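Starting off, we have a lone chain in the form predicted on its own, written out as structure tokens.
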């Protein structure tokens, strides 16, 4: 069962109105290659707010964009709290967009700094592994000469 509708104009009381595209949970799951459970989790966390018709969830374009931003944020290592903060700023008007972008830049800078520290930690661990490997090979070589 699909609840999706293409955007179209239809006459209502002699005037034209726009019907917006809607999505079922299954359509969004397939579109973003996630499970419906993942989408319900993000809904439970307040990142998505689909319309309800009985037990059926009806997602609008705003929900699709929020899901896209949420999944992108997760791929970039953002916490759900950081994602929520940026999305809520986007929803707040009139200056939500500028504030959102500034906060996004702050979060990105923090992520970049954390990654640099992690990268340095990895390099240090690699040097330590190289040192232990070299010592182990030297000992093994001496043992083989006895």
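Positions refer to the first chain, counted from 1. A quick note: this is a predicted structure, and the numbers were derived from the prediction, not measured.
Another form, the form predicted together with the DNA, is not on view; read the next lines as being about it.
Visitor: Of 101, 31, 109, 80, which one comes within 4.5 Å of the DNA in the model of the complex, counting heavy atoms only?
Guide: Contact with the DNA in the model of the complex is made by 80 alone.
Visitor: Just checking whether residue 22 would be counted as a contact of the DNA in the model of the complex - the rule being heavy atoms within 4.5 angstroms.
Guide: No, residue 22 stays farther than 4.5 Å from the DNA in the model of the complex.
Visitor: If we define contact as a non-hydrogen atom of the residue within 4.5 angstroms of the partner, is residue 62 a contact of the DNA in the model of the complex?
Guide: Flag for residue 62 set to no.
Visitor: According to a 4.5 angstroms non-hydrogen atom cut-off, is residue 74 in contact with the DNA in the model of the complex?
Guide: Yes, residue 74 is a contact residue.
Visitor: Do residue 37 and the DNA share at least one heavy atom pair within 4.5 Å in the model of the complex?
Guide: Yes.
Visitor: Give, in sequence order, every residue of 112-144 that has a heavy atom within 4.5 Å of the DNA in the model of the complex, or say none if there are no such residues.
Guide: The stretch does not touch the partner at all.
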